[in-house]
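The chain below stands alone and is given as structure tokens, in the form predicted on its own.
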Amino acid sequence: MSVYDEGVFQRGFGTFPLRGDELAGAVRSAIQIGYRAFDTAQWYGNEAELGAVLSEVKVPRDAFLVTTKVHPENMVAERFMPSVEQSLRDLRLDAIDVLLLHWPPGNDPIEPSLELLQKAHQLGHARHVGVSNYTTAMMRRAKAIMDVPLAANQVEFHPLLNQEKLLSASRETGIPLASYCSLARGEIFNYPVLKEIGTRHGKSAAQVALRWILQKGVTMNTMSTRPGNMAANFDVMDFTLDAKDMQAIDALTQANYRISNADVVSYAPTWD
């Protein structure tokens, strides 16, 4: 069981690439809608802004689940802990709820960064720890060397990308998957079957895609600055896709539409 499985934490609000007033307005709207899980990263440059908004709203701080991620450039001994301590100050937290390694450390071995992550947990800087953008082999290696459970492997996950190998590794290792790019940055709207399924359920194509992710056992992150879209992305718990629906959406994964590749992020590994 993942820390994200608790109620509203299955539906997180991502903050990339929001900054300034746009971020503040979006987060306030998200909180009003019901979001309580928020995802940021050192790389995003908005931890302090997110921390300021969460500290000013009239919601108990312990009602939120805040995830942030260590930048790959900080995954060395002299920079790792200082960067985490800066994230704590920026987010105005005594402990980060979920601390992830944002990307594998390039061509370097993963063990040193995982050991630093575990040390951050031992020091009380993070309540839960995890990884992001790990391959199946990396998941197995992380499972073998970590003394604490990994809360998540946050990866690109949407109906247009076949991630069955990662799902299998998740079941094998007990490391849950969490999604980013959950709507493939709008590409899903080019596939009419999602709208057709949605019509039968009284839901939109986006809601169908998000429900598919949840029914795959993957928690999700979405981002929008439009309150209507935020609310729709959150409102996906009152219907269930049947086996036929799931099979029809599974077929879309053959598109193998991947956003996070080495052309976009130099740290991207060779994907499964």
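In case it trips you up, residue 1 is the first one in the sequence shown, and so on. Quick caveat, the model's predicted, so the values are computed rather than measured.
Not on display, but discussed next: the form predicted together with a small molecule.
- Although the partner is absent from the chain shown here, 103, 133 and 223 each have a heavy atom within 4.5 Å of the small molecule in the predicted bound form.
- Annotated contact segment (heavy atom within 4.5 Å of the small molecule in the predicted bound form): 178 to 186, selected among 178 to 186, 195 to 203, 116 to 124, 87 to 95.
- Contact check for residue 233: a heavy atom falls within 4.5 Å of the small molecule in the predicted bound form.
- Within 4.5 Å of some heavy atom of the small molecule in the predicted bound form lies at least one heavy atom of residue 44.
- Residue 39 belongs to the set of residues with a heavy atom inside 4.5 Å of the small molecule in the predicted bound form.
- Looking at residue 257, you'd find every heavy atom of it more than 4.5 angstroms from the small molecule in the predicted bound form.
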